[in-house]
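For reference, the chain that follows is the form predicted on its own, supplied as structure tokens.
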């Protein structure tokens, strides 16, 4: 997706601030949100790619202001409404009811920090031969899409080299929109920092990114 959500390689957001002795959760409601994702995904109401798509669909200013688990909560709600598990406005009505009468729900103890349920893996049998092999020079397509994609904006039209073959996996661009798994071969591709950022890229620095086959072209097709 082209938008503020694709922040890889962008400047102007300041340094990454590392919190010393950071807890797993800062607030109890974050535990609840973490646990809430398990049930719908385990039951197949939505998948991981649709979960990511929901975050990318947030209004940009809201996205930038929201915390990590606020974004999780937003996509849980939007996906449940999209799948008609929640009716439009149902959650807002529930909030009004609870605000007027908090005793409608009794919470005992702290919500558990349960692990996400074990979900089906993403590897699938390969139906076609892999197009690329380690060492091949490749070019990331300059593809712009309005939907979900795992092709970062900052590597588009950039040249790299296949580092390793990862196997055949579910294609996020299709799976996120309910169009089927459409599995493709996946490769770890090495991009030199100078290729991505010019003179500001370190000479000895590189980025490795796992990319689906349809994101790539042979480098000679540049």
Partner chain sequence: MAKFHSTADPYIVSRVRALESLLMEKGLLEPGMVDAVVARFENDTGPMLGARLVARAWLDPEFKRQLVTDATPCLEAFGLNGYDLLVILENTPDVHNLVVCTLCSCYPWQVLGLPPTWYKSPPYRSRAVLEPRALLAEMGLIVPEAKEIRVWDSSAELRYMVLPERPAGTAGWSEEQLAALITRDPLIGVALVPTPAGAGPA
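Residue numbers count along the first chain shown, from 1. Worth saying up front: this structure is predicted, and the values here are computed from it rather than measured.
Another form, the form predicted in complex with the partner chain, is not on view; read the next lines as being about it.
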item: Contact of residue 131 with the partner chain in the predicted complex (heavy atom, 4.5 Å); value: no
item: Contact of residue 126 with the partner chain in the predicted complex (heavy atom, 4.5 Å); value: no
item: In the predicted complex, residue 173 touching the partner chain (heavy atom, 4.5 Å); value: no
item: Contact test in the predicted complex: residue 40 vs the partner chain, heavy atoms, 4.5 Å; value: yes
item: Heavy atom within 4.5 Å of the partner chain in the predicted complex - qualifying residues of 75 to 94; value: 76, 77, 80, 85, 86, 90, 91, 94
